[in-house]
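The chain that follows stands alone, in the form predicted alone, written as structure tokens.
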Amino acid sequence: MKQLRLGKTGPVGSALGLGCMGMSGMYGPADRSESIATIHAALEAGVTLLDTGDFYGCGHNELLIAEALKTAPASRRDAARISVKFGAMRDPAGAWSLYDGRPAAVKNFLAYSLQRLGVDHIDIYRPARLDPVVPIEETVGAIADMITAGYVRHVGLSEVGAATIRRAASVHPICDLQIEYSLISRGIEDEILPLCRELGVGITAYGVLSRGLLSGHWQRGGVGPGDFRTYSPRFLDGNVEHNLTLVEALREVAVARGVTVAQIAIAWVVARGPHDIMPLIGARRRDQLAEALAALDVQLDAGDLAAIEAAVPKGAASGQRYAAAQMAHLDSENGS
């Protein structure tokens, strides 16, 4: 497994992380046994970063990871690093509401995550979104207090803009920014990515396959009950037809290169930052994981990159990456 230091101050670990959200129902029902087997397979392959959120399945995801770690070989379990997002508020029906970044809430969320995960510390702790009524300095300061107390190792951020990143970094070193980045989600390139590189903040890139759209396996009609892609603009009629033409153009490049669509999409993200961008792969099955891991062996040259750019130009996707209500919570899209 190739190694990567996550930012200037973060841990050294695998060059690819496992995003566990999909194991807790965001894309429809998942198989618990297969999810745990996938986590085990990732650890066995040398993947060290497991990414979750305390609101994924209202705690289900953290409990699932805890079960997987308990049943993994000790050497693999000890190498695992856990990244947790917090702050997203939900109701009993599963609906989303506000984000809570108050210092007291930070410590409360953390206490519950430690209990569910069955660990004595969390490696990277990050607010899922910016709380618009709580200064980021206060939220980061509370995480820093928990680092001093020994309950957290590193501060991370998620989906915030350049100004917020700079303010957060003035309080405590920031390990990484978790943000969507893929061939069809390239908003970080203009301002956010350059600033992160200036400050030594790593990027953990989620959505590298655009929730399956860039996997090369997804087809129209592939969204079932309980799948949030039902409301995702890029999967809606009027947008999805155009976006699938981009996938087919990318498939031609992949076939010529002797790899899969998913592998060339992941390899493109790796090529954009081999020393500071870690793709998070949302695999919830072992076959998906194996395909993604093989992407680390795909070396793209200038000709490959030019062909990919021609197939999927920047800004070519139709539809925003979230529905309007969710986009409103993205400081990365709306902040300065």
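Every value quoted in this text rests on a predicted model; they were computed, and no experiment measured them. Each residue number is its position in the shown sequence, starting from 1.
This next part talks about the form predicted together with a small molecule, which is not shown.
The small molecule is not drawn, but in the predicted complex it has no heavy atom within 4.5 Å of G13.
Mapping the unseen interface onto this chain, Q178 counts among the residues with a heavy atom inside 4.5 Å of the small molecule in the predicted complex. Heavy atoms of P233 never reach within 4.5 Å of the small molecule in the predicted complex, leaving it off the interface.
Put simply, Y206 is close to the small molecule in the predicted complex: some heavy atom of it is within 4.5 Å. Per the 4.5 Å heavy atom criterion, the small molecule in the predicted complex is contacted by stretch 210-218, the sole one of 240-248, 87-95, 183-191, 210-218. Using a 4.5 Å heavy atom cutoff, none of L49, H60 and H154 lies near the small molecule in the predicted complex.
This chain lacks the partner; the member of M278, I281, A267, I39 within 4.5 angstroms of the small molecule in the predicted complex by a non-hydrogen atom is I281.
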